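As a starting point, one isolated chain is supplied in structure tokens, in the form predicted alone.
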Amino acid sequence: MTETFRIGGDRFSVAPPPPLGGEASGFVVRSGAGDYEVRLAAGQPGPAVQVAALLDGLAAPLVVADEVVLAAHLPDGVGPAPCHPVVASEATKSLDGAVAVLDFLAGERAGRATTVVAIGGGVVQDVTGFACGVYKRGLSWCYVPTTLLAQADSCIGGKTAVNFRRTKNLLGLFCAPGQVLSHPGFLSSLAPADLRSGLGEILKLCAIGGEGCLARFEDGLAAALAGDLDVVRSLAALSLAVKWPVIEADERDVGARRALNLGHSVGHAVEATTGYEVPHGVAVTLGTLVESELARRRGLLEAGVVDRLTRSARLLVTGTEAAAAATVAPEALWSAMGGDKKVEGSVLKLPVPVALGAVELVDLPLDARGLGELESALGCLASLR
């Protein structure tokens, strides 16, 4: 039976990626800027072989890559293609980081025949996609996501952004890659915090997807945390199966897609106010809990859903991370949320779950009442410490 979920008045079906042969699977994302293929590779051949094949198929490739990924998975480099190594940090996810990529493109005389291949996690994706979007009014690029967060979420949808004036993703544009190659082998070197971060983003999407999706996440969580890459790969594919139909229906993020930002208003504020001590996906887990609790307190969500999300969160959030978030004053979080892209006039359009598989946008007033609601909802994090 096909699983369905609801965002506002729109209904969607969970869309599992079809098999491509062997253990590989994939799908094509319909985009106004040009459709693009997403290939979810099998474990063999390894990532170095498949990246080499990707580069061999391009006429004039340039590579922007996470320097840690290069050392761990591509020790022989990327062949004759010029390569710009990147430090994957929040400092790089900035205008300065994008300018460094633009300097590389200009120095290599990139032109219409060039295809830039971004190899790394979200930071590499953002600065490369942003640079390609503005360089000569648009340069073709491909993406090889190497973190779970990227493989399970950001690799599709075409969003690229950099931080500006201490606000997360304040400057951005839609610039979809020409193709995506996702290989589970890259995940073998992930630090535990990065693995938990990716699983936190998957938790959010599985809650949106509904009972069946969340149950599969819960069943696989322990094995995924233990490093079972087959389970991790299956959960990443499940996450994309929820996101895929939504981004096709609302590529420009003006309708149903806004619900995919569940957990992000509070999550981004947690990241910023803790100096990024809390990884992005972990902050999204915290934000999903707080925003779900806010919905419960408004009488929109059953307490049992919050309890289930809390059980998963206890496995994804360390005591140190929970304590770091808990020490931030509600007023500081509130101030950070005031710069959220979802602010419209005097309210924040906040996506909240009203059931598993159902999300609504609610108005959170940007005044003392809203701050009071946030402060009350933050109490749900005490159980994680």
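Predicted, not measured: the structure shown is a model, and the values here were computed from it. Residues carry their position along the shown sequence, with the first being 1.
One more form of this protein exists, namely the form predicted in complex with a small molecule; it is left out here, but the text below deals with it.
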Sort through 132-140, 114-122, 289-297, 224-232 and report the only stretch with a non-hydrogen atom within 4.5 Å of the small molecule in the predicted complex. 114-122
Can you pick the one in K168, R196, H84, R258 that has a heavy atom within 4.5 Å of the small molecule in the predicted complex? K168
Among L333, L348, L316, V69, which has any heavy atom within 4.5 Å of the small molecule in the predicted complex? V69
Look up in the predicted complex whether A269 has a non-hydrogen atom within 4.5 angstroms of the small molecule, and give yes or no. no
Within 4.5 Å, heavy atoms only: does L149 come near the small molecule in the predicted complex? yes
4.5 angstroms heavy atom contact with the small molecule in the predicted complex for A88: yes
Non-hydrogen atom contact L190 with the small molecule in the predicted complex at 4.5 angstroms: yes
